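Consider the single chain below, provided in structure tokens and representing the form predicted on its own.
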Amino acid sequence: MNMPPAISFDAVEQVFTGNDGAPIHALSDLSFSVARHEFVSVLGPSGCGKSTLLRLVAGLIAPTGGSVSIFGYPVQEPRDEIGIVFQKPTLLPWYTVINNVTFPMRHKYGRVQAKDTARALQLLDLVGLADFADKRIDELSGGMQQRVGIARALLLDPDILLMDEPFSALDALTRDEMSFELLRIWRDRPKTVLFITHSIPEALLLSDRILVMSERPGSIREEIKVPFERPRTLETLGDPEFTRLANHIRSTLFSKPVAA
């Protein structure tokens, strides 16, 4: 028996109502699937519905047409098997690092057990912050704070990790460092990852596949299978095929679709 996709979009339409009452068509006839433990990035112009796509998977909104499913079951509400890493880590400054990581347990169950703290410490070790568990958030750099956000998202051991431009606020060097760090974490703790980004090199370095979206209303213009073997390294960035694919994706994003 074949396992259903971890994530599946079937002819999804998404329409919002603007402040003036006019309809805003965010997504149109969006269909794709993501296999379990696959890493898929989504690229597209600003306003094309990338973040809307994540909100649909997370169960924060319902599609106005079509269906979104997780492991074959329609998404109807937020679920524990989904973790989310936002563009900004949205940490609580009055909590220590360890208390920020365990916050999902406190929020969901009203308490944190010793086993939860032990798992949080393991996750902080995984993201390289074992020595910072008792530090205040304002004592950490931006990259370190984002690692805390990743550890927090992993606390409930979700099958699916949704990442909404998690490194976009970081400087270029830290962003590269975090990309390789994410590759290591994903290798050590495999998850199904749906990753939103505006960075073409980032998408090529991290992904198994890349979905290139059209302008609003967003739909899939092209699906690209990334050919580089894992583990990815600095040498991957210098591969001529890496440059060729990056240029191809740029030309796809910057060209206007041909009308039918």
Partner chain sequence: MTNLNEKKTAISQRQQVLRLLDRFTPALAFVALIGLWEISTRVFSIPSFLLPAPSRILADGFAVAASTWAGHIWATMRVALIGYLLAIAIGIPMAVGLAKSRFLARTLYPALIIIQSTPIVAVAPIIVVTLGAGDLPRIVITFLITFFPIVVSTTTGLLATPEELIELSRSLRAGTRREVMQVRLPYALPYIFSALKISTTLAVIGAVVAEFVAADKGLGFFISFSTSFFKIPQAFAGLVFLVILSMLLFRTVGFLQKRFAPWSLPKNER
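Here, rigid core means the biggest group of C-alpha atoms that superpose within 1.5 Å across both forms. Residue numbers count along the first chain shown, from 1. On a predicted model such as this, the values are computed, not experimentally measured, just so you know.
If you look for the form predicted together with the partner chain, you will not find it shown, but the lines that follow are about it.
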| query | finding |
| --- | --- |
| Among 91-99, 119-127, 174-182, 67-75, the region lying within 4.5 Å of the partner chain in the model of the complex by heavy atom distance | 91-99 |
| Joint contact, Glu235, Arg250 and Phe254 to the partner chain in the model of the complex, by non-hydrogen atom at 4.5 Å | no |
| Arg147, heavy atom within 4.5 angstroms of the partner chain in the model of the complex | no |
| is_contact(Lys115, the partner chain) in the model of the complex, heavy atom dist at most 4.5 Å | no |
| Asp188 within 4.5 Å of the partner chain in the model of the complex, heavy atoms | no |
| Partner proximity in the model of the complex: Phe132 to the partner chain, non-hydrogen atom cutoff 4.5 Å | no |
| Partner contacts in the model of the complex for 19-58 (non-hydrogen atom within 4.5 angstroms of the partner chain) | Arg55 |
| Is_shifted Thr174 between this form and the one not shown (CA, 2 Å cut-off, rigid core) | no |
| Flag for Ile82, CA shift 2 Å or larger between this form and the one not shown after aligning core | no |
| Sense of the change in Cα distance from Glu139 to Arg184 in the model of the complex - at least 3 Å versus the shown form | farther |
